[in-house]
Ligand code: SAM
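Only one chain is shown below, in structure tokens, and it's the form predicted alone.
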Amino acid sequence: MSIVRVDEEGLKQQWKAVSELRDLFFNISATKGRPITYNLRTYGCQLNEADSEKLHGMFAKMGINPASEGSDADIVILNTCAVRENAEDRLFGNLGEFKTLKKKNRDMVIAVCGCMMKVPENVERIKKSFPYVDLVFDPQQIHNFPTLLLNTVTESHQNINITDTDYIADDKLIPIARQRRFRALVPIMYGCNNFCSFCIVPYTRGRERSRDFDSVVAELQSLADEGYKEVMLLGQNVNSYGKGNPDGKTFPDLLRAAASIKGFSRIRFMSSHPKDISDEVLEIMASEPNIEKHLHLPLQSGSDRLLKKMNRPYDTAKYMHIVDRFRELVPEGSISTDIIVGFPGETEEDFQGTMDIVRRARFDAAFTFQYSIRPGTKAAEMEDQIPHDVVTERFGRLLALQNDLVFESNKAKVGKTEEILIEGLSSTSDDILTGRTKTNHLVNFTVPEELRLPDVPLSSYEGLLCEVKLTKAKPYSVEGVLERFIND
């Protein structure tokens, strides 16, 4: 599989397509007597969110606005995820609802992109069962979207465009419409070379390829100049950043460069692979005040036998060495993880190994999953699949243990005053704000009347920094009261 780096010259065709689409949609809008709108739904991880922000940016350049809530859109895009089974179920369930809308508006364009479209069975299912889908393309071709859309709206047949090429387009050359005021997503690399036996990502997002160091740093500086307080550096395995790049720059180099940029109060990154993370990264986390004191370190299993079967090239001893070293260097820090229950061949002894690591590591948060078959992976072909009832029972035990640990972690915060980056209103009340500590603990808090900003609604506090006195622990969050705003 070839890797092609797309520069400004290579993107000229896309800007030409954007210009043609702007004129085309202007004329269609004039004919219909109303604006042309779009609806973009995103499933899955932050990399999918980052891809969708590029699509939002391209639509803005075309002069197309998002449809208002509750209204039908002329262009619908579903950006899919192939990692978890429920995301797949949601996609095909949601696709059905557009059949009636398509009959009402024959000019409507329905597009599906994202990781699911790199799985041949999914593409064939769309061809067979959803012929009203107009455009299908894969995540490697986000930068090609204007040309793909232009071809789709000017031709009458279904446009299936799946490539074997791993493109990497310079993100600073692509329009991006950030969807959050408090955090900017910054992919630093794409793809994965690890080929864990349960994971489809290397097949859907291709081989590892890192962005140019200077380009990433320039984007980060631009975000700081725009006033963003938090950035998240994204990659399937950020600790592999720079491998194969001629400048020899590594992830620690990039982390230091990001930390040196004035304006950022939070620098986050995910995900880290236990086989690649170095002491140098942990030392930088400990020494740089604007790097979040939170490490996401996927475990997957506490059984060395299963880790080998999963093609995870580390053992539990190495994993715990990283955990212990982080706790030593960053004693105030937090650790989250990913765990799979019910991987093929998992015995009760294997599961108890996982429970033992959870007790020893005392994770502050964990994303726990029941194993599900992903077509195209090696694990899908393994014969010793675990019965669903066994998986469910084990999952319940793990969840009970981890929930207790999360509650203990939250209780340890009570009585402290911590810096919070406001993310917006709580989902439960218009009088409560929500945000996170530098250790990624979720905090819901009130603002005393005398501290409220004059003539500024609470909904507009997003992106502000403040100090909050933490007063009460809940199972999944901490409550508090704002004490003061932090001036830049």
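Residue numbers here begin at 1 and follow the sequence given. Since the model is a prediction, treat every value here as computed from it, not as a measurement.
Missing here is the form predicted together with ligand SAM; even so, the following discussion is about that form.
Judged against ligand SAM in the predicted complex with a 4.5 angstroms heavy atom cut-off, the residues F363, T439 and A473 are out of contact without exception. Residues within 4.5 angstroms of ligand SAM in the predicted complex, judged by any non-hydrogen atom, belong to 333-341 and to none of the other stretches in 333-341, 219-227, 92-100, 239-247. The partner is absent here; in the predicted complex, the one residue of G353, G345, G376, P298 having a heavy atom within 4.5 Å of ligand SAM is P298. Put simply, of S271, N159, Q385, T147 only one has a heavy atom within 4.5 Å of ligand SAM in the predicted complex, and it is S271. In the predicted complex, none of the heavy atoms of R183 sits within 4.5 Å of a heavy atom of ligand SAM. When ligand SAM is considered in the predicted complex, L254 lies well away from it, no heavy atom lying within 4.5 Å. Among heavy atoms of I188, none comes within 4.5 Å of ligand SAM in the predicted complex. When contacts are judged by a 4.5 Å heavy atom cut-off, A169 does not count as touching ligand SAM in the predicted complex. Scanning 366-398 for heavy atoms within 4.5 Å of ligand SAM in the predicted complex gives F369, Q370, Y371, S372, R374 in sequence order.
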